[in-house]
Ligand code: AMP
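Only one chain is included here, represented as structure tokens and corresponding to the form predicted on its own.
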């Protein structure tokens, strides 16, 4: 499925580079070991960060006909155990330097993997062994919490056909040249990483990883970024907002950057406007889609016309092979991007996946509308709360806060009295911290929203906390407010 000359670079950091020839040989050797030593009736967990060895493990698994489950090394041990309990995996491959916390059956350590991969005798498995068609290619686990209650995490089974439909769309319709350098910032356990990993490898591209230790250190981040030579940027909008804090993050210091692909959370008008101003020669794409529909299913290029005519940006038109319908305000995705269901969880699969007009379909839990062929995301249905009898969409309040010139970013969370919402609290990143004024901000907000939507408390912060997936960490903010 990959497409490149063997001498081309597939992975590059300031410290190391690896070629496609290395990737082919190492994954062939490891796939033979997997085929000879592991049962064929279960998935394989691959644990680590953004290391090259992780990619070798992924490819080796699918060459041997096994789906892989990526788990990031920053994942809390409790969640790792919960995923393993659901997965019923056959083995764990430690694709990074970090050791797996706890006992999880058969574990192949990084050093052992390197030893296997070094035995490059040319042996490989026949193509007929590899994952294909409706076979599960990878399994990514989504959040294990709903409404504040802990539940077993759900493993989304994405097939080879699902992945090919998505990847072929990205490479065919986005005008991305082959051999491009792609930002790899999202952890492999977050399905946004699929947007850079497989399109890059299928087009002879180079992955340029940014580990969490770099992205969490502003000094290191702003020093490293200009030297990556990026052409394709894949991230959440929240990570782009962090980078935009550096005035030098622009087309002048990143002259090769030609494509921005955003997914995973809402792209704010203010973020898109800054990017189009800083990078006038780059295409900014707003994509939408859940893990259960293979990363993304809609896209819209953000143009000056879109910015001028929309306060809240559309998420675009559906990709070929996909239909979007709205039923009772909920976005329903139908077609060849819809995943197979949840691993070892028939009850959750039956609740979320169904057949609509003869096609596989998925209930997203997202609110939306379609106007003039364009989908507009209206927030999570489960982000709706009731306060004093009024139904409030928290993302609506955030939207209007972020439209204010004095606000760079905002997140609104509920404060509880038991199980009842007592008030709203807004965490705000002010445009000018020295002149930030809570009273004035509330008054500005009252001009655009109903009084009951105005947060009772406003907390000014330097930046919003991010989860390991690069999204705003709402759970941390809720815990802080309700401590």
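What you are looking at is a predicted structure, and each value in this text was computed from that prediction instead of being measured. Numbering follows the first chain given and starts at 1.
If you look for the form predicted together with adenosine monophosphate, you will not find it shown, but the lines that follow are about it.
Could you tell me which of 258-266, 177-185, 109-117, 204-212 sits within 4.5 Å of adenosine monophosphate in the model of the complex, going by non-hydrogen atoms?
Selected range: 258-266.
Taking 4.5 angstroms as the cut-off for heavy atoms, does residue 138 touch adenosine monophosphate in the model of the complex?
So residue 138 does not count as contacting adenosine monophosphate.
How about residue 471: is it within 4.5 Å of adenosine monophosphate in the model of the complex, going by heavy atoms?
Output for residue 471 is yes: heavy atoms within 4.5 Å of adenosine monophosphate.
So, residue 366 and adenosine monophosphate: in the model of the complex, are they within 4.5 Å at any heavy atom pair?
Result yes; residue 366 sits at the interface with adenosine monophosphate in the model of the complex.
Can residue 353 be called a contact residue for adenosine monophosphate in the model of the complex at 4.5 Å between heavy atoms?
Residue 353: no contact with adenosine monophosphate in the model of the complex.
Between 96, 290, 155, 199, only one gets a heavy atom within 4.5 angstroms of adenosine monophosphate in the model of the complex; which residue is that?
By the 4.5 Å heavy-atom cutoff, the listed residue in contact is 290.
What is the one choice in 193, 162, 408, 286 with a heavy atom within 4.5 Å of adenosine monophosphate in the model of the complex?
Checking each option against adenosine monophosphate in the model of the complex, the one that comes within 4.5 Å is 286.
Would you mind checking 99-120 for residues with a heavy atom within 4.5 Å of adenosine monophosphate in the model of the complex?
Contacts from 99-120: none.
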